[in-house]
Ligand code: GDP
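Okay, here we've got a single chain as structure tokens, the form predicted on its own, with questions on binding and movement later.
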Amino acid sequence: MSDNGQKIILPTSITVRDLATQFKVSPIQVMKILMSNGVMANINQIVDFDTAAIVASELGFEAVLEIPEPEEVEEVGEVPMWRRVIAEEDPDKLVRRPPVVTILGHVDHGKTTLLDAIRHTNVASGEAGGITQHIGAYQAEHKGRLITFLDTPGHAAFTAMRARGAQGADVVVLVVAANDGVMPQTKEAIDHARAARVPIVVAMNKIDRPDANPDFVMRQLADLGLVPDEWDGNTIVVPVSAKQKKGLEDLLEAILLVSESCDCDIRANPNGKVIGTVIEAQLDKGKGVMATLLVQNGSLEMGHDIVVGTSSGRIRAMFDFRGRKVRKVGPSTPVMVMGLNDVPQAGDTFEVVSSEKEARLIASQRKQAQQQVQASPKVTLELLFDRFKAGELKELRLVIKADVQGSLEPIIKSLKDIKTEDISLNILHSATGNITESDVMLATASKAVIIGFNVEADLAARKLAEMEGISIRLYTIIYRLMEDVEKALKGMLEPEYKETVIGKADVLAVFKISKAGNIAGCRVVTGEIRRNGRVRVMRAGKMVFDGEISSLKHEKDDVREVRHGFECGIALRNFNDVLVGDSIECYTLQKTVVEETF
């Protein structure tokens, strides 16, 4: 990697082994230099750029930071319904609407404080003191332009909306603390935003702290593909202090700039079909169902009949984010409504229909369709190739979790090296640690498979995966992981099966029938024996046959099953050596579609 004389280009982090390879010296020599500078590191340990630069200096090189090219991220999931509606509108009737912004970032990096700071200094058309209730969204004004903020910090809410195909954000503000830098949840938030193909503006918060290190944070961001505009990159990084309310105007300016230059067309038809997304909803004992809606096309009015996901109703009252009653609102406007018959979920789509009767009918049809979708698995490695051939999938999307960074990096590198002609591989998110609910939510929103190496899925993640039909595959051997993914991409991976023993019968006698061979006269001692089940013959604790039943009789009748306590005659396909004293176990095999562990 060395070029231009004694300069050497190094990434923001690198292992001691790779560092030695770059300098063409022994790893021992690098470790000695590190030790002399007070850094104890083994051969596989990762060191940051500043530490690597010290080694470079000792060896006569000048270290230059490598700035990676931002990755091209392919669109994941279906186009939201509201975007399809706008695409069908007359282009001459479309007008610019306020951009919709959501704020993501690591816990304790100041997301809520930043939202509050913007709310209390830039609230549109009035003083902050006028706010009487929290409705999950509000609007701020900058240079006469409105910006809508979704006041639901955290990628869980952001991804819950995507999971229902209704992502409403046009811009993501990624909050990174200037003293803490990039943390695990920061990287996770970046992956969630990229999976949704939403442009990112970085708010470098806590810039007022004495231990703030902006250069270090920008290097970390660059390493993740968010190259700051100061370094000729495409990501605007705005230094802010939410606590001291500094840099807020610059942040709003950056949001407007990005929204105007991004690929997504931030326009809508105020007089067109009325459609939008649920931000949040709850049941109020006194007022009934209260839902915060984000209008995304058309204008929502009092008295409109609406269908919201699997709920429906007629709008009886509407309130803006200050709690004031309103009668009509246009695109990109958040509003709280009363009148729904049930509590919808965040991310559900709402639309105006011609009557309450039509709204109830559509809601009922959606509920039936939802039950069918929930009953079927979304994506598994075994079914990948079949869905590709059916035109349903173009790529395999993965969420990867590993126990340590030293395992994660070779897994990702090996997966990216797999070559197939047709199906591409897209790693949406990779990190160390156990599989969590957030991982399952991302997989749900993006129709992805979760792969874990030397990790477990926590209980909440398992329950959510089972409910959403998400496949979690756990491995302890890397080559088996690679082998399964490669087979899946080539349509060669056989389904995994789970065995369930449903009954057991003891052989009391053996009858020889000239046409049928030996028939085992049995009594069912547990469960039941099924004609279509598989059986194994056990003798002195060892299996002597594993196969199928050719006939099952109770007394003289052919039957489909015989239950506990009854006697029966069992003929086994291609096996005549059954003996008195043997036991016959009946079992079923089911494809494992939710979790496969190796």
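When you see a residue number, it is the position in the sequence shown, counting from 1. If you're wondering where the values come from, they're calculated on a predicted model, not measured in any experiment.
The same protein also exists as the form predicted in complex with the ligand; that form is not shown, yet it is the one meant from here on.
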Checklist entry - Quick one: which of 357-365, 476-484, 265-273, 112-120 gets within 4.5 Å of the ligand in the predicted complex, going by heavy atoms? => result 112-120
Next on the checklist: Just to confirm, with a 4.5 Å cut-off on non-hydrogen atoms, which of 448, 294, 242, 174 contacts the ligand in the predicted complex?
Outcome noted: 242
Item to check | Proximity to the ligand in the predicted complex, single hit among 249, 229, 208, 466 (heavy atom within 4.5 Å) | outcome: 208
Next on the checklist: Against the ligand in the predicted complex, would residue 322 count as a contact residue? Criterion: heavy atoms within 4.5 Å.
Outcome noted: no
Checklist entry - Is residue 219 one of the residues lying within 4.5 Å of the ligand in the predicted complex, judged by heavy atom distances? => result no
Checklist entry - At the 4.5 Å heavy atom threshold, is residue 107 in contact with the ligand in the predicted complex? => result yes
Checklist entry - Taking the ligand in the predicted complex, which residues of 330-350 have any heavy atom within 4.5 Å of it? => result none
